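Below, in C-alpha cells: the form predicted alone, a single chain.
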Amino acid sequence: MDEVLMDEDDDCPELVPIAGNPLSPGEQIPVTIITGYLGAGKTTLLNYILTEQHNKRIAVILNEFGEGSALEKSLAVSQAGELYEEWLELRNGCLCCSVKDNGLKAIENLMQKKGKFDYILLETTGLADPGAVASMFWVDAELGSDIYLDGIVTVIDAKYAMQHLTEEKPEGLVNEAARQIALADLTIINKTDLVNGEELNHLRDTVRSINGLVKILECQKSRVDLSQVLDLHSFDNKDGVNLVEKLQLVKTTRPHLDKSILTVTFEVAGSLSEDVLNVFIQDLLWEKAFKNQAGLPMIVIRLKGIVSIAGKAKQVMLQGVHELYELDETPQVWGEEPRVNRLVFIGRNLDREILQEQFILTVLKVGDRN
C-alpha cells in the first residue's frame, strides 16, 4: 500500500523556544485534534504551529494507533509486550510524545505535568476516525474538568483529495476522507500550488457539499494564520453567538459524489419540550429510526443547532458527534427575539423534508403545549 510510505512530511517537528507564562491551576486546557490523510501536511502544520511565535506552551501527542511503519518514528517504547510512553520535554516547555492507544493514557499522564503548557495538539493517523477520538473528551468525566475539546482540524491535500474522496468503499463503509471533512470545524486545503484554479474550485465545492458548516483555509506548506486554527471554541457555549450567525448562513447541500455525505439544515419556530427533543435525537442518532425516500437509514456524523427549550430563558446549544450528543445552555437570552430552532445535520442518506417533518411531528406538538 502506498499510504504506509513515509515522506519528509512526516518527520517529527523540531521546536524553537517560545515565551509564555505557565498555566495557573484550575484553568481548562484546550485540545485541538488534527486529522487528515498521510502526506496531507499534518506534521508540517504541527511543525509550523510549534515553531511560530505565538506565546503558547504546547503539548503534542502523536497518536499512532499501532500502524506499522509509523512506529519507526514512534517515541513510545514497548518492553516485554507492555507499552509505556516516553515523554520528550523540550527546552521551551513544550512536550511531545507518541502513543499507540487511543490517546487517553497519554493525556492522563499529560495532566500530571499540568502547568507546564496551555494547549494540547493531538495528531491522529490518516485512517483514524477523529469522531472516536473526540468522543473521549465528552465521555471521560475525570478528564472533563481539566481539558476541553476546542475543535477538529482536517488537513486536505489539494492534489490527491479528490482521489481519496472518490475511492470506492465496500457497501456500508464510510469513506474516511469524507468523514474527516464531515467532522471538521476547520479544513485546511494544503498544497494549493500543486493544482490549477479549476481543480481547486472543484475541491472547495466538494468540501462545502459535504460539510456546509466548516470553515475553509487555503495554504501552501501548511502555513496558516494560527489565530484561525487555535482557540476555535467549537464545542463549548462560548461559540453561541457565532453559531447563531453561522447557522443562519448554512444551506442544505447537494451531494457532489455518489453515496456521499451531505449537509441538511432547517429552521422551525416555537419552543420544545426537552424530554421529547431527547427522544427525537436518540431515535435519530441511536436507533437510526428515520429513513430517506429510498428506504435507507439516515446516518448523522455531526449535528449542531440552537434550540428553544420551553421554560428556559436562554438559548440552548445542541452538539452531536456520531451517537454522542449534549444540550448546553448558552449565556444568550432569547429576550424579545422570536424563538426559533435552527438545526444542521451532516451525514449520509439525509433527506431534509423527512427530517423536518419528523422533527415537527415528534417535538413541536408537545413543545407548543408547554
Ligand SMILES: Nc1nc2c(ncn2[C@@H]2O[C@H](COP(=O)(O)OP(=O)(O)OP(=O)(O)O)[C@@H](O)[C@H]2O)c(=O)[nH]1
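Note that residue numbering follows the sequence shown and begins at 1. Small disclaimer: the values here were computed from a predicted structure and weren't measured.
Absent from the display: the form predicted together with this ligand. The rest refers to it.
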property: Pocket accessibility after superposing this ligand in the predicted complex (3+ atoms within 2.4 Å of backbone/C-beta); result: blocked
property: Region of this chain that lies against this ligand in the predicted complex, out of 328-336, 49-57, 306-314, 34-42 [heavy atom, 4.5 Å]; result: 34-42
property: Interface residue in the predicted complex among Glu287, Asp193, Asp146, Glu267, criterion: non-hydrogen atom within 4.5 angstroms of this ligand; result: Asp193
property: Gln282, Gln163, Gln220, Asn292 - the one with a heavy atom within 4.5 Å of this ligand in the predicted complex; result: Gln220
property: Contact flag, Asp150 vs this ligand in the predicted complex, heavy atom cut 4.5 Å; result: no
property: Asp185, heavy atom within 4.5 angstroms of this ligand in the predicted complex; result: no
property: Sequence-ordered list of residues in 157-183 near this ligand in the predicted complex, where near means a heavy atom within 4.5 Å; result: none
